[in-house]
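The chain below stands alone and is given in structure tokens; this is the form predicted on its own.
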């Protein structure tokens, strides 16, 4: 089974891109499933079910969604292997723009939209910088010049990535993306022993453990303070 991890900021069009891309994969006779990871709520699993795509949903609740992802992805892979899928797509929210749910040796895709602002690529951490493929959506809403400038900013942040423009509504570009997601020679049966491409954010403070009161005397553990005396 091939595994692909797709992440990106909220509402960047990840689910729409995945649905159109799986349509193209189905035409090649490939059996594809999706694991949807999110934080508090998602009904994207219903969209996959409506399209006849096997899906598993996981909500992290109070936990970081990408920490939740890496704690559960091996069980999801086991499910995919047992069901005999050719390709399993893992969709992760990447809500803080810092986390990187990418695994070494597993194809990684970041979805980002043209409407997020030309400086957004600089604000996104390993989720964009360590991706193999960057999919840019909503290009039909902006001008050609804006598309080129945005793609240039993405290339500056991640010069090694393949950059594709995909329209989640019409499916334009999804076939090209589908040809990059499945490689029969890259099949795998387990993630045990593999490593993340980039460490998750490190934090174990009083607020992680349920503290709600504000004030230095309530702050313990891994806490970083602003330099209020230095120059801005």
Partner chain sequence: MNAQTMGRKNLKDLLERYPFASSYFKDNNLPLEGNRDLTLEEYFGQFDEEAREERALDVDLHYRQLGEFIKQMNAFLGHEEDRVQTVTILPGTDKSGKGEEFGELTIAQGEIVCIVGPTGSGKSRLLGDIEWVAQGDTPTSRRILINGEKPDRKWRFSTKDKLVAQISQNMNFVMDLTVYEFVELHAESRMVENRGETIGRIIESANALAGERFTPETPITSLSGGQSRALMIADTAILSKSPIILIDEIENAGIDRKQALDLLLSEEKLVLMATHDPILALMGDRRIVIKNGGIHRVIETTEEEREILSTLEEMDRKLLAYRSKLRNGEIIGKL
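Residue numbers count along the first chain shown, from 1. Nothing here was measured: the structure is a model prediction, and the numbers come from that model.
Although it is not shown, the form predicted in complex with its partner chain is what the next lines describe.
Although the partner is absent here, residue 164 is a contact residue: one of its heavy atoms lies within 4.5 angstroms of its partner chain in the model of the complex. Using a 4.5 angstroms threshold between heavy atoms, residue 49 stays clear of its partner chain in the model of the complex. Interface residue remark: residue 74 is not counted as part of the site for its partner chain in the model of the complex, having no heavy atom within 4.5 Å.
Residue contact with its partner chain in the model of the complex: residue 183 places no heavy atom within 4.5 Å of it. The putative spot formed by 129, 141 and 175 is fully lined by its partner chain in the model of the complex; each residue has a non-hydrogen atom within 4.5 angstroms of it.
Residues 149, 151, 152, 153, 155, 156, 157, 158, 159, 160, 162, 163, 164, 165, 172, 175, 176 are the members of 149-178 with a non-hydrogen atom no more than 4.5 angstroms from its partner chain in the model of the complex.
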